[in-house]
Every structure is written in C-alpha cells, then in structure tokens.
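One chain comes next, on its own, written as structure tokens: the form predicted alone.
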C-alpha cells in the first residue's frame, strides 16, 4: 500500500483524547497514532503481516474522530481502510462476513434473503434461542425485520401536500428498507408536509460502506456506480438520506473510494454536493415545517446521540440538536457524552463484543441520567447497538430524530 500520508503524523497524541477504543483500553497499541506507525513500517516492508497485526488494526471503530481532530491532516480513515484491504488480501475474510458482503452487493439476492431473515428472526427465533447473542446483543433485543421491504410498500414518487416547494430523491438505505420502515414513512410524511415531491428510485442498492470500511473495497464498485447513476440528477434540490452511514458513503467516501480504484470521480463529487441528512435538511428549511407543528402542555423529554458518520464524516454537528430544540412538543436535554461513539462501529460489536459493551454501557447510563423518555439517533447501526444493550426495565426508547419530528405534527 502507498503510505506517504503516514509521514504527516507527528505523534502529538491529540488523537488519543478522541479515540473511544484508546479511552477504554488505555493501551498505546490501541491508539490511532500507533496504527499509523504500524502502517508506516508495513508499507516500508520492515513489518510482516501477522494475525497479531490484523487484530491490532481491527481494534478500530472507524468513527473518524481521529481524522476530524488531527492538526496535521492525517486521513486515518483512508489509511486504515487501505490497510484492512491489504490484510484481507493476506488472510482472506471471515466466512460469515463474506456471506453478508455477498448479499449487500447482490441486490436481488438480498431482497429474497431479507424475506428468509424476517421469517427466521420474527417467527422462529422469537420463540426459541431467546438468550442467544450476536456479538454483545441478545437476540431478543435485536429489531424485527419489515414484513415487506419499505421500497415495496411505497410508490416511486410521492407528491407534496399543499404548495410545491421542490423535488428531492430519497436514498432509503438497507436499514430503513429492511428493518425500520417506520423511519421511511416518517421521512416521507414530513417531506410531503413541507411541500417536497419525493422520488424513491426502486433500483438503488446498498451504499457499500459496511464493506469498504472493513477493507473489501473492490467489491463495492458496482454498487457505488449504480447509486451514482441513479441519484446524480440536475433537476433535484437534494438527495435525502436518513442514515448517517449511508450519508457518509454518498457524501464523503464515494469520491475517495473511486480514487483508490482509479475510477473517474467527477459524478461522485457532483452527487456529494447534493446529499443531505434528513435532520440537516429539515433544519435548513424549518420555516416550511413550523406551520404544521403542534404545541403541547407536557413536552416529551428527548436526548440525542450524534452518530460519528454524521458528525465526523459529514460535518453535521449541531443541526439535529437545534431541530429538536425547535420542536414545541420536545424538551431537549443534552447528554454529557452526546457526541462520543456508541461502540457499534459496523461489525465492531460482533468482532469485539466485550469492548463494545463497555463503551455503549456508558452511553446508555448518561442518556438515562437526563431523564429522557426518547433517545434519538440518525444511524440504524447506532440504534441497533443502543437499543440492543438496554435492559427490559429501562424507561427509555431509541428512535430516529425524524420520528420525533413526526410526533410533533398536527393531525
């Protein structure tokens, strides 16, 4: 791998403060700067590959906090992605991940696999194997699959209610399409009320980010090019994304990944300029929403977890909080660690369950300390990890911010 960028690292240690894995383990080998040095020596061919090296590189949530806060401009995320790709070339992939990645890059097969998974999770495993865990999450705490994919439940184009204000395309992502249809319905309803014509391309596919952050870069090229072709249109105001991870892919990663694959990035850059997180888009156009919001005498206490892929990769830091504060039925209270990683990190909760559980436990306790009834987050992965680690007795529910907005709409 090319590693010229590693020479920018001056080992200042600022990345240690922001790295959730280092903060938990307090081991230098777990720090971003240590990984950069390992990559430097690996690239110089004076450090051989080994299972231990692979383990050290895997102990990263790919949250991007180190990159976002590096004064020397080191792109840790790109370095780690390329290093993981090289290690896959050396050691191959875990067969379970290989199966998952196969489905994520074969849309028709994923469609049918989701139906099988829905039956298995919603029917069979609901009655047996309740104590089985996937990573650190008990099976009974995992969300159920949609009975039918969201994009099969809704029209290709949804017309606005009232005065038309513009046109958007909606990238639903795998989370909404296969698990959280309620988020999709809320997103469409709110955009309709605001006066937007919503197009939902039915042929859209997985954004690919779960693959390429783990190093399986080349497998995602077809997905990337297909999504770019579907969503790069001059006649729309924005591409709306309800998933922080998908938004990071379309807005931040596509140009970088295509550059790594030596593929033209012009259309990817054009697309990236139009991608908007749903919370960001609503806040920027909140004047179109305000006439439809209802007041209440007893607002619901809500707190917020800021997803890493929204905050660090997309630079959307305050929009969602400001939106929640602007909703009349909401009493927003910030958690002390609202902007720290939840410990999910794609498959991190599966690869490193004990470490992930230690990180997420703190997030949950701090969220509960606010007295909130709802914990909002705009990342399906974070939602699975947070909700999956709640206790049955916890009086807090994990939801998407758009569902909080929907609660505030007048009937």
Partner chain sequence: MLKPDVKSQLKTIVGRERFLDAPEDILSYAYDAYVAECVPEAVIFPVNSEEVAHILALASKERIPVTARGAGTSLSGGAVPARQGLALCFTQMNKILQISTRDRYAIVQPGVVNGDLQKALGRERFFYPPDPASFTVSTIGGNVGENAGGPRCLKYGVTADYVMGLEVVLASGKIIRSGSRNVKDVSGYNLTSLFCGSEGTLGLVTEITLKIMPLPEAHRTILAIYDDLEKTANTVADIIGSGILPVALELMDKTVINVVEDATQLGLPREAEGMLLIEVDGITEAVEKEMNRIVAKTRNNGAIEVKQARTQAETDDLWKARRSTYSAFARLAPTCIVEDATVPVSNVPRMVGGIRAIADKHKVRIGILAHAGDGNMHPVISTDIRNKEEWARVQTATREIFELAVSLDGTLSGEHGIGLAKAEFLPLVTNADTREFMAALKKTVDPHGILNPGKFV
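Residue numbers count along the first chain shown, from 1. Please read all numbers here as calculations on a predicted model, not as lab measurements.
The protein also exists as the form predicted together with its partner chain; that form is not presented, and the subsequent description refers to it.
Asks: Taking heavy atoms only, is residue 357 within 4.5 angstroms of its partner chain in the predicted bound form?
Replies: No, residue 357 is distant from the partner.
Asks: Does any heavy atom of residue 10 come within 4.5 Å of a heavy atom of its partner chain in the predicted bound form?
Replies: Although its partner chain is absent here, residue 10 would touch it in the predicted bound form, with heavy atoms inside 4.5 Å.
Asks: Flag residue 352 as yes or no: does it have a non-hydrogen atom within 4.5 angstroms of any non-hydrogen atom of its partner chain in the predicted bound form?
Replies: Residue 352: no contact with its partner chain in the predicted bound form.
Asks: Are any of the heavy atoms in residue 40 no more than 4.5 Å from a heavy atom of its partner chain in the predicted bound form?
Replies: Taking the distances in the predicted bound form, the answer for residue 40 is yes, it comes within 4.5 Å of its partner chain.
Asks: Report the stretch among 66 to 74, 381 to 389, 365 to 373, 341 to 349 that approaches its partner chain in the predicted bound form to within 4.5 Å, counting heavy atoms only.
Replies: Residues of 66 to 74 come within 4.5 Å of the partner.
Asks: Decide yes or no: are 16, 27 and 33 jointly within 4.5 Å of its partner chain in the predicted bound form, with each residue judged by its heavy atoms?
Replies: Yes, the whole candidate spot contacts its partner chain.
Asks: Out of 42 to 71, which residues reach within 4.5 Å of its partner chain in the predicted bound form, heavy atoms considered?
Replies: Residues within 4.5 Å: 47, 50, 52, 53, 56, 70, 71.
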